[in-house]
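There is one chain below, alone, in structure tokens, taken in the form predicted on its own.
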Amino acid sequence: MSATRVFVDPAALRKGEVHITDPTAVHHLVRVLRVRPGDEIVAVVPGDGEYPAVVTRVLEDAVKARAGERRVPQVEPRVEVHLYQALPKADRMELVIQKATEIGVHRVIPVRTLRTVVDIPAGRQARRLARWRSIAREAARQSGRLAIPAVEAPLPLQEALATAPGLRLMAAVGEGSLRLSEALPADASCVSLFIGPEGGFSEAERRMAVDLEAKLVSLGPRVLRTETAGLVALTLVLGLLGDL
């Protein structure tokens, strides 16, 4: 059985020891896993590496461990993929964030489009965003990643297209769409994927995307649900670039 992984801040590492005080992490270790002195864990510092550690003390509000040598396994994609996902119905955004994190997404940005039917009330936006970020963090921990994908607040499509980094690709069905392999340079290092809502992007949105230097691409001959399309596109991009 592999050692439990836990994300920690750089400040948690002190002279060869790990002092875990984050309430969520402590609860998981103490209340859920019931770790004891002598148990092995892996402390992960996002953007730095991971440290195998042996628990030395368990308190109500903290876990202390003796840290080993830093390791940097090659698990993070070379390519940064930013997933601009039109807000789906119900809790499907949670599924997209969880699975995209496991696959290797760099950042997830929910997008409001002309045909988006989901409206998150202003009073619930902060709570919903916190929930999404918690899902990304847990998915990154479980999948052995060294980075936690950023999850941003929803943006209107025009603003998202205007500010998206790198190569901009919009998944669109119909004439004028390129095969993904045709639109994706072999040396791409940053890709922004735009996935539409149920019903797809409107013709006006497609024209706007082209005006803002995005390429229209096809994900194949079959019609995919919006939450499926984002995960398929992410997988194809990383696979075509040899980074899956």
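The first residue of the sequence shown is number 1, and the count goes up from there. Keep in mind that what you see is a predicted model, and the values were worked out from it rather than measured.
Same protein, other form: the form predicted together with a small molecule, not shown, and the subject of what follows.
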Examine D211 and determine whether its closest non-hydrogen atom to the small molecule in the predicted complex is within 4.5 angstroms. no
Decide whether F201 counts as a contact residue for the small molecule in the predicted complex under a heavy atom distance cut-off of 4.5 Å. yes
If you check in the predicted complex, is K15 within 4.5 Å of the small molecule, heavy atoms only? no
May I ask you to check whether L224 falls inside a 4.5 Å heavy atom distance of the small molecule in the predicted complex? yes
Sole residue of V79, V111, A171, A164 within 4.5 Å of the small molecule in the predicted complex, by heavy atom: A171
Of the residues V63, I41, V191, L219, which one places a heavy atom within 4.5 Å of the small molecule in the predicted complex? L219
Spot the stretch among 64-72, 192-200, 47-55, 32-40 with residues whose non-hydrogen atoms come within 4.5 Å of the small molecule in the predicted complex. 192-200
